[in-house]
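Consider the single chain below, provided in structure tokens and representing the form predicted on its own.
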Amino acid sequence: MSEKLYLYPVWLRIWHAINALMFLVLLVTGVSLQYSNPDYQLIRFDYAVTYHNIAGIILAFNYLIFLFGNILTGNAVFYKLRRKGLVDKLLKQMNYYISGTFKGEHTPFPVTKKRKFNPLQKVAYLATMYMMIPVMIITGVALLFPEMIIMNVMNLSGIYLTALLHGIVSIFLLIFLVIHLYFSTMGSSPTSNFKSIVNGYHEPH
């Protein structure tokens, strides 16, 4: 087996743990609020509101740690995406996930010290961390302080539209979470990638 690569520094692992925990709290409380029923409450309504707001605030501050951490430590370089040949690279990686991995083929873009993510991961993480998460934070803050929201947009309630956008993006984030967890099992062993985010070392195939 190749030498282990130290790819996940302490600050990144702490950020990831807080982010994952807050995301789960937001998911559970969000579902409870969305489908609240006085007779069948997943979480008591007032508790769900409180926990959701607290988790959202923590996640927002944690996101700032992610941004500044990327800039100050150079971790941002792993998110740089080159458009030249991108489509071919994405198709190659998709083909590996769909069939290659089940045939015992080697990943077309193995992890190295200079390449932490394959092209498909880069696109997914860029869309998640630099698009969807900011939208969730902005709409979440707006719903926390509804006086900030434009009351009427094309004869529709601004609060309703903000809540709708918040809910739609949360569904996409849930889909991302499920896929992320599944792909995380595709390491040198089903648990190796989970261990790496705990001890910081990636285990190559």
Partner chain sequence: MKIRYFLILIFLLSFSSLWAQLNVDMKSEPAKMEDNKRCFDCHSTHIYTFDNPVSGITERKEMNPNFVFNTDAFYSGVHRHFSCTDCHSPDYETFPHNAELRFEPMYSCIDCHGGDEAFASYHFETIEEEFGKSVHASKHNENFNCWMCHNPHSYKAMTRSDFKISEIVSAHNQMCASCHDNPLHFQRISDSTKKPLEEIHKFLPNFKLHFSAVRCIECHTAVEDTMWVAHNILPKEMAVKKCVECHSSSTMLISSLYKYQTIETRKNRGTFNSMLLNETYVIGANRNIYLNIFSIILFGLSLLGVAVHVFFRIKKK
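Model, not experiment: these values are computed from the prediction. Residue numbers count along the first chain shown, from 1.
What comes next is about the form predicted in complex with its partner chain, which is not displayed.
Note on contacts: among L64, I150, I138, L144, the single residue with a heavy atom within 4.5 Å of its partner chain in the model of the complex is L144. Put simply, F68 is far from its partner chain in the model of the complex: not one heavy atom of it is within 4.5 Å.
Residue contact check for Y125: none of its heavy atoms lie within 4.5 Å of its partner chain in the model of the complex. Though the partner is left out of this view, T112 does not reach within 4.5 Å of its partner chain in the model of the complex, counting heavy atoms only.
By the criterion of a heavy atom within 4.5 Å, T101 is counted among the residues contacting its partner chain in the model of the complex. Taking a 4.5 Å heavy atom cutoff to its partner chain in the model of the complex, none of the residues in 64 to 81 make contact.
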